[in-house]
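Okay, so here's just one chain, in structure tokens, the form predicted on its own.
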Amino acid sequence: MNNLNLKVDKSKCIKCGKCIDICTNLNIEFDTDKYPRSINNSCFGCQHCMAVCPTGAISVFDKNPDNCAEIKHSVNSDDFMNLVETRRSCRHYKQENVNNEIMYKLKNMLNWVPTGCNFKDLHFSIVENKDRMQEIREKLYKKLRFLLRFIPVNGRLKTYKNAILSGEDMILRNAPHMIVVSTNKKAPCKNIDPIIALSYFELYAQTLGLGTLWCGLAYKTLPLCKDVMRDLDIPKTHNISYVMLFGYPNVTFKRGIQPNYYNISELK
């Protein structure tokens, strides 16, 4: 990135060198007066130097450190673990829009999700209105009903095919909302970045009283309908990466489950 514009408030700088130590690209050094300075502008935009400064003396990209979030870390680890243990996929939703305040919080949170090499070029298409979602649903199923007449399927997929042809919403599950994440084709970690983003989105959505569903069927079928893809407004530089449905759940779980445990190799 060539617009680092690292600035140091000398009245605040205590010359501790923390910004130098934390710089991943070795882009900061002391000048002759022992104040930090940028060497070669090879920054990739993590802003760690600004975040680590104990006195708020460092500014980068014309961002004021006074506007950064205060670190509280007040989340109880047991409560968070309970959130993980009791999270369930939601396939039954109330037919109502998520309120504007919660929708804003969800969209705003996405600005903080991490990406590989800090390549911040994910694209999110969010269907914010259940009526618009219904329009997408109708376009998708019109295309699928046409295609399914010519596609032989067996087993579980045959059940899905018959249900779709009979008018059931086996893909979008009558969800009022959907988020589609797309990744820049040149992103260094394009396979994992969207999954990280939706993982953050899902857990945050749970704290706001919403249900979510990782929807592989939507991920596979949406690209079959050009009309829907145009609606999603995905840049030509990006590929669709995954889909998550969300909304107010119309089901209440009373307890978590008892999982089959994964194998863990313990290197001690």
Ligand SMILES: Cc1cc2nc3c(=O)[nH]c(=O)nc-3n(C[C@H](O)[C@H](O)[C@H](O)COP(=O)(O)O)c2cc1C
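As the structure is a prediction and not an experimental result, all values here were calculated from the model. Numbers for residues come from their place in the sequence shown, where the first is 1.
Keep in mind that the form predicted in complex with the named molecule is not shown, yet the notes after this line are about it.
Task: Listed residue (R87, H123, K143, R137) with a non-hydrogen atom within 4.5 angstroms of the named molecule in the predicted bound form - done: None of the others qualify; the residue that does is R87.
- [ ] Please pick, from L208, I39, V52, L217, the one residue with any non-hydrogen atom lying within 4.5 angstroms of the named molecule in the predicted bound form.
- [x] Only one option qualifies, and that one is L217.
Task: Y242: touches the named molecule in the predicted bound form, heavy atom cutoff 4.5 angstroms - done: It does: once the named molecule is placed as it appears in the predicted bound form, Y242 has a heavy atom within 4.5 Å of it.
- [ ] Using the partner position in the predicted bound form, report whether K161 sits within 4.5 Å of the named molecule, counting heavy atoms only.
- [x] Answer no; every heavy atom of K161 is more than 4.5 Å from the named molecule in the predicted bound form.
Open item on the list: Whether L213 contacts the named molecule in the predicted bound form should be assessed with a 4.5 Å heavy atom distance threshold; does it?
Closed with: Taking the distances in the predicted bound form, the answer for L213 is yes, it comes within 4.5 Å of the named molecule.
- [ ] Could you confirm whether K130 comes within 4.5 Å of the named molecule in the predicted bound form, counting heavy atoms only?
- [x] Judged by the heavy-atom cut-off of 4.5 Å, K130 is well away from the named molecule in the predicted bound form.
Open item on the list: For the interface check, one of 88 to 96, 111 to 119, 182 to 190, 74 to 82 should have non-hydrogen atoms within 4.5 Å of the named molecule in the predicted bound form; which one?
Closed with: Result of the contact check: 88 to 96.
Open item on the list: At 4.5 Å, heavy atom to heavy atom, what parts of 249 to 268 sit next to the named molecule in the predicted bound form? List them in sequence order, or say none.
Closed with: Heavy-atom contacts within 4.5 Å come from no residue here.
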